[in-house]
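Form predicted alone, single chain, as structure tokens, below.
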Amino acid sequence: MISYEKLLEQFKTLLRNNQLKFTKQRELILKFLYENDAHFTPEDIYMKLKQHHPNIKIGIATVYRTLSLLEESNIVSSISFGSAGKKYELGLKKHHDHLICTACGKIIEFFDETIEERQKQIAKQFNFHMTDHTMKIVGLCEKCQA
């Protein structure tokens, strides 16, 4: 994976290109996502940052705007939960797909070469140039089935 220093430089360039200032609050959002290998709502990120950095004033709107900018530039990716919103993760790790439990919200990441190959075959069959894809399988995890 890319080093944090390289990611930070990429982020600073992104901010400059969008005529936005580099702030400690925006950096904390990026660093949080870099250091935590899970999926988070904007509210999760906001609460964790407030908890770990009580002396730094940060607003929920800053979290939402920063996540939106990071997602537009493919630095983070999100999984939509419909009316329940989105969960975000750093988008720079190796491609993977998701199993999502509708009862507890658990997210399981997986990679399957057969599925990847089949998607390529389907795109080719329809003369479709695939540039990316996301797979989200929704259901009940083992614990919630019990």
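In case it trips you up, residue 1 is the first one in the sequence shown, and so on. Computed from a predicted model, the values in this text were never measured in an experiment.
As for the form predicted together with the DNA, it is not shown, yet the points below apply to it.
Engineer: Decide yes or no: are Gln19, Lys24 and Ile58 jointly within 4.5 Å of the DNA in the predicted bound form, with each residue judged by its heavy atoms?
Structural biologist: Yes.
Engineer: How about Gly105 - does it come within 4.5 Å of the DNA in the predicted bound form, if we only consider non-hydrogen atoms?
Structural biologist: Heavy-atom contact with the DNA at 4.5 Å: absent for Gly105.
Engineer: Does Thr62 reach the DNA in the predicted bound form if we count a contact as any heavy atom within 4.5 Å?
Structural biologist: Taking the distances in the predicted bound form, the answer for Thr62 is yes, it comes within 4.5 Å of the DNA.
Engineer: To test your reading of this chain, name the stretch in 95-103, 50-58, 31-39, 108-116 whose heavy atoms come within 4.5 Å of the DNA in the predicted bound form.
Structural biologist: Residues of 50-58 come within 4.5 Å of the partner.
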